[in-house]
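You are given structure tokens for the same protein chain in two forms, set apart as structure 1 and structure 2.
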Structure 1
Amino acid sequence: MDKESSNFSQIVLKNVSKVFQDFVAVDNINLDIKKSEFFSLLGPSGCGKTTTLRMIAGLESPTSGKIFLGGKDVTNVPAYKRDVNTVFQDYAIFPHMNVWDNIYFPLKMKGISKKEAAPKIEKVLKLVNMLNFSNRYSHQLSGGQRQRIALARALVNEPQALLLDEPLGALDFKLRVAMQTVLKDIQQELGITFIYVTHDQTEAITMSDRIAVMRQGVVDQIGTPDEIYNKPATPFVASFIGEMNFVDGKVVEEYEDELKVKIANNFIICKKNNYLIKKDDEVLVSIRPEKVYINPEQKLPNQIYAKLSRIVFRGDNYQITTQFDSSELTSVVAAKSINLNFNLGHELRLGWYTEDVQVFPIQLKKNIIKYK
């Protein structure tokens, strides 16, 4: 990535909303996507990812707000004049044209002759490793191959940004993982901004430079995968990504930058954050299972005692569930690192570091996503 340009805002969304009839699909979102960034829109089904992407592409016009592309206001510029290309979820390879003509299509729209286009087409076909397929038609290609052709077609004009709508959703697991690498390599090689829509948190975490986590039309958090995972801004983000323990509590003491929270009959210390939380407020406390240590050797800042209630072996780790009063805490420990000579009901000492705990107002508890 080029250092100087890496701070240049490629795509900016300012207070963008989209209302269908009376349904708010996208609710006042703000995005600032940098040049050459691999930016993901992550969120559960129906949260407005596709709608957001389509507004950037110009296939849907925002009900309010503004969209900037390369510094220019493109809010009212039609799709065919915007310098961004999309890889659609179902690829949309034109069935009445062969692969070569499909990739020639965007070049033809720019008035480029077949002769001039040939080397460009060859280049992108090589990039996606599909050189020998130029005579095939869409129905003669596998899902993965169609995906590559859609990618080649979207890239051949070297757009300012490539928009990808769950491009790997239709592929099987192995192929998906392989294509993730292909996509990431291509993005790094070409340095084109990617906006990648997915509802697969693992995919977003492994591939992205930054992620915007969406919930019901709003953006809950924008951050690097590390920030999203380790410092979730809302209970929704905390629950949507990875595994998470949630426990109810009440603030009993407020210090300069810490809070003392009572959980059942235990007291723990949490770091203050952007929420206005005061003494006597009901709160929701969250901590990742792998950050809960069982019988730690040294004394950790936070400790509680709890009874062992379940052990589940999951290949490379154990999921250990403990109970204290009416709350439950799960902990994940590497399979090798623990001596499991306990009976169920055995009392364990659980400990964690203060910075690994998040604290939220209790009102946000309703946004927790529960699978199962």
Structure 2
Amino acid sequence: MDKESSNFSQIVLKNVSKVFQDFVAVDNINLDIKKSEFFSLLGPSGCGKTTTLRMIAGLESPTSGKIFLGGKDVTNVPAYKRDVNTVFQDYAIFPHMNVWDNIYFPLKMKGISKKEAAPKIEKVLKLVNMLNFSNRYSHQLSGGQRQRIALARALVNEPQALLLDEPLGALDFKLRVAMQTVLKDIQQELGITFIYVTHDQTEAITMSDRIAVMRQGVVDQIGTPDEIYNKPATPFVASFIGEMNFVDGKVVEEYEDELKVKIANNFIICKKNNYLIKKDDEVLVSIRPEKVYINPEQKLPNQIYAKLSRIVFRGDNYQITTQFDSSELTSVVAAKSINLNFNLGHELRLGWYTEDVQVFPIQLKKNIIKYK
């Protein structure tokens, strides 16, 4: 591995694949994870994210490709010799040991005395806000407390990287949200590289510096939460992250950096992207519901008229669905800013900005995740 890469990259995967008999779990992926980065592997069940994490941990061997840790090739290095620790969803806290002894266990395996270990254990207990729980046993702790102890035990060795496999999956919603903050705060304070596996898009967007979105063993996009959400690289990413409108269209004019697209009997202007889309191509147009404005005060670059077909109150916002010809568009509007002086069937003027629209080749429509 070259010197420049090893100076800045904590974990690198080069052309890594994993095949189980005739099933390709991970298909030739490349990752470059920086030191002190909170990096998430995000995707639906079966996409290969946990297999990827297990290969980084040394719990699975890649069928092909190379894995580097801190600039060193660890592809064939066993798990116990890799300077990484893994936290799983089931915590794996020893029930016959108290909290202090649970955290001491990995240090004990390294031959470190209790006296030498004591300040290290006190430091991580303080870090996870469990300093007063050192004499308790697993059955005396809540799910969130057990997860904190699992974190403390994984961190006490001060590994180069902490690998987390859906660690919050067993917690209830409010506790999961609280633990997201705890995890991010710990990662920022210690500066340790975190690699986080999840199928929960909110977790990934909330905590990550960068995200790799996986689909069927491949990486569809790597980017910051803002890039993943606002500039999805594929219809799969666009559909998996948040809510998204998709409408079929056809390119009728091609300009230097824009496309004129016909959707139903309407014409809209879209920015060009990395896809080689040209005049007369069938395309898939996508736009986030919160970017679709209802009866905007000013005239926006793209405007169409559609009939109101459904209104759903969702607490702090309304989801408004409209129909035009055979197409449907959904808008999300803050409850405090909407004027509900219209009825079902009422014609509304919808508008959005050119830069808020993404256009994809129609062939990629098959990869959209549909929830209804």
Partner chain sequence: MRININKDNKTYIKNTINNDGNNINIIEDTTIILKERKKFKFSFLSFYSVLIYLFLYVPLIVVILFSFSASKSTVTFSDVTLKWYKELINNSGLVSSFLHSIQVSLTAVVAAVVLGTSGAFFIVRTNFPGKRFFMTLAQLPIILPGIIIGIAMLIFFINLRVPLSMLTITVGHISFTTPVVMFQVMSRLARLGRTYEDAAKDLGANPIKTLFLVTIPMIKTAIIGGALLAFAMSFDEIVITYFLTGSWTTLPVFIYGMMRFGLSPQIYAISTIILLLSIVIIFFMAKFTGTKAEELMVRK
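Numbering runs along the sequence of structure 1, starting at 1. Quick caveat: nothing in here was measured; it's all calculated off a predicted structure. Heads up, when I say rigid core I mean the largest set of C-alphas that superpose within 1.5 Å between the two forms.
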{"property": "Either 1 or 2, the form predicted in complex with the partner chain", "result": "1"}
{"property": "A170 C-alpha moves between structures 1 and 2 by 2 Å or more, core aligned", "result": "no"}
{"property": "Core-superposed C-alpha of V252 shifting 2 Å or more between structures 1 and 2", "result": "no"}
{"property": "Large Cα move at K299 between structures 1 and 2, threshold 2 Å, rigid core", "result": "no"}
{"property": "Shift in Å of the S113 Cα between structures 1 and 2 [rigid core superposition]", "result": "2.6"}
{"property": "Between structures 1 and 2, C-alpha offset at R136 (rigid core aligned, Å)", "result": "4.6"}
